[in-house]
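A single chain comes next, written as structure tokens; it is the form predicted on its own.
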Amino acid sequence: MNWDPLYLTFKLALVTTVLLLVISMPLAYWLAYSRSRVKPLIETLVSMPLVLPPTVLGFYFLLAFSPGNAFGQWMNDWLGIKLVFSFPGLVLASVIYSLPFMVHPIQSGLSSLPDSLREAASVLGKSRTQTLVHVLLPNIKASLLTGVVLAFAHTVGEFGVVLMIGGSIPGTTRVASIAIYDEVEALNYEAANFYAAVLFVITFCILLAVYLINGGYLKRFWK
């Protein structure tokens, strides 16, 4: 069996999750506490991947990332990054596509905290960044873990977006979900079953671990 699609899948999921964590924490903080008039618009844009078909997003990503358009041409000419049918393109598309799966749990966790925490930090002279990092985030560890796992698992299971923007280039963009599709088309059910079974087992174990940790079952067990 060729392990490259599985390696590429988890590499993509790991890079995407790390980037999403960095991006989502300040964004979720702003969405949780901002009273800006544009907040509903930003929330709508963040949540769009939840309701739009992946092929719709993939199609517009393909247009935007193409060297024939301004953004794709700028990335190619000035940064030397080719986005269409490349791993960097998969990463950027995955970050946008999986954004709500990271932002929403963190935003929900921050919104559930009492205002007294932020007020106390402000009285003590803490900046917003210090308040977020040292006061708020330590109190929403379960929400952070949920966001990380959901974003990772969602990226692992991507199909439509990665197919549109990356195609099926072995070793470059052929992730496990694409490999399963290719093997089924070739009537190679043994290989398709191998990739599908590995993804099923790993994602099941990850989700189970999250529920056990967030539910406190592990602490009860060790007691």
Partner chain sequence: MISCRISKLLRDAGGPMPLELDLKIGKGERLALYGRSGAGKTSTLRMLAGLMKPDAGQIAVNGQCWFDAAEGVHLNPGKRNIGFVFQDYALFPNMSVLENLQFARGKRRNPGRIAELVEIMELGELQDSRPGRLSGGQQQRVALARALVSEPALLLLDEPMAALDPEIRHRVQDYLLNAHRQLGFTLVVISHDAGDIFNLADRVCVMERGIVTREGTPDEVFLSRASSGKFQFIGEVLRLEKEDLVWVVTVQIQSQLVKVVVLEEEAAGLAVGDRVRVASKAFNPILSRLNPGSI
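Just so you know, these numbers come straight off a predicted model, no measurement behind them. Residue numbers count along the first chain shown, from 1.
Another form, the form predicted together with the partner chain, is not on view; read the next lines as being about it.
field: in the model of the complex, Q73 touching the partner chain (heavy atom, 4.5 Å)
entry: Taking the distances in the model of the complex, the answer for Q73 is no, it never comes within 4.5 Å of the partner chain.
message: in the model of the complex, is there a heavy atom of the partner chain that lies within 4.5 Å of any heavy atom of K82, even though the partner is absent here?
response: So K82 does not count as contacting the partner chain.
query: Taking the shortest heavy atom distance, is H104 within 4.5 Å of the partner chain in the model of the complex?
result: No, no contact at 4.5 Å.
- prompt: Taking the shortest heavy atom distance, is A142 within 4.5 Å of the partner chain in the model of the complex?
  reply: No.
message: Let me test this: is every residue among L117, L124 and P138 within 4.5 Å of the partner chain in the model of the complex, going by heavy atom positions?
response: Yes, the whole candidate spot contacts the partner chain.
task: Tell me, please, which stretch of 147 to 155, 127 to 135, 85 to 93, 104 to 112 lies within 4.5 angstroms of the partner chain in the model of the complex when heavy atoms are compared?
output: Flagged stretch: 127 to 135.
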